[in-house]
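Starting off, we have a lone chain in the form predicted on its own, written out as structure tokens.
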């Protein structure tokens, strides 16, 4: 009988890729991917960026209590960012004593050893958390789940310490992979047929600052984009303070790099940006947008925006709305400020009442959605190239994104996943496009 596992993932693309690494470890142990209902090992890869993610994880872990009682051999492991929060492993032990293994972001590579220790007869919950980041471990063999897309870490951790963000505390300080390891991984992925490669980092622009070779992110991006093969090359996430002309020139140089940039602004108010410790002003952000569009007139931007940060006034929020109108984002991830224990913002006075936060987020979403719809309507009657990446069973249609991240849907009587598809757009709905294959 096959031994099965499942990995339940919360959070960002970094977590998605780390779940692929967890899956690779379990498959090397002889397990095969399965559903939660028939798995012998269940791993939760948690996120602590927002309170909702933590609540979802707690709820899903707690739901396994009955099954664990019925099947004592079921192995439940909990890892990820939440486990690096101060006091969280002890809270897991108190709330969920039926959990078997708790591990952190800094020792994911030890998961096999921890599982084997537990299976060898250790009765109590096994908690192993490394308080500080160590050297980067190479030679991992992730079980990738996102074909034709592939994620490649280029650096880990963050040195920015934005006052609302828990990442530096749970992910550690910035560490960059050596360029030869990154280039080798991308070359291998392209040979294996992956068509879209995304370079990942909490702040990709900071790549290389800790390396002896002193390679910059633009230099690395140029080398990766020069690898032979037909593929798109994306990267995320950029910090505006480090986004520069050298990087934009590299993007302009290579057709493989889409003219779509994710550049989180977070707020349009200089007073709030300073309180967030973002280290740029709204004027500096807008100047970089202007510079980008000078070199790349067709460039589109997406962003992250927080409303309801402590002390945010109506005037601060209106400044954000003005900036969103001026930049005209292709789309944006919008969030209500979420207090995270251990961050400076959590201790700030003038926390914004929830009812005001909700009113502001609805106004912002309405504006962003209107911009998104207007851009989608410009696609009508035009032809675009998408990379087909999945099949929507409810719609009965294949789907994929163009270089600007717009999702295009189409019908086909054969499997098109992994194919480049030329579509003529006949309809649109929000960020989604519908078309016929040309």
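The structure presented is a predicted model; accordingly, all values stated were derived computationally and were not measured. Residue numbers count along the first chain shown, from 1.
Not on display, but discussed next: the form predicted in complex with S-adenosyl-L-homocysteine.
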{"query": "In the predicted complex, segment of 122 to 130, 93 to 101, 302 to 310, 281 to 289 with a heavy atom within 4.5 Å of S-adenosyl-L-homocysteine", "finding": "302 to 310"}
{"query": "Contact flag, residue 340 vs S-adenosyl-L-homocysteine in the predicted complex, heavy atom cut 4.5 Å", "finding": "yes"}
{"query": "Residue 264, heavy atom within 4.5 angstroms of S-adenosyl-L-homocysteine in the predicted complex", "finding": "yes"}
{"query": "Touches S-adenosyl-L-homocysteine in the predicted complex: residue 215 (any heavy atom, 4.5 Å)", "finding": "no"}
{"query": "S-adenosyl-L-homocysteine contact in the predicted complex: residue 324, any heavy atom under 4.5 Å", "finding": "no"}
{"query": "Single option in 149, 153, 202, 143 placed near S-adenosyl-L-homocysteine in the predicted complex, where near means a heavy atom within 4.5 Å", "finding": "202"}
{"query": "Selected contact from 336, 183, 348, 367, since only one has a non-hydrogen atom within 4.5 angstroms of S-adenosyl-L-homocysteine in the predicted complex", "finding": "336"}
{"query": "Non-hydrogen atom within 4.5 Å of S-adenosyl-L-homocysteine in the predicted complex for each of 233, 259 and 420", "finding": "no"}
{"query": "Contact set, 36 to 61 vs S-adenosyl-L-homocysteine in the predicted complex - heavy atom within 4.5 angstroms", "finding": "49, 50"}
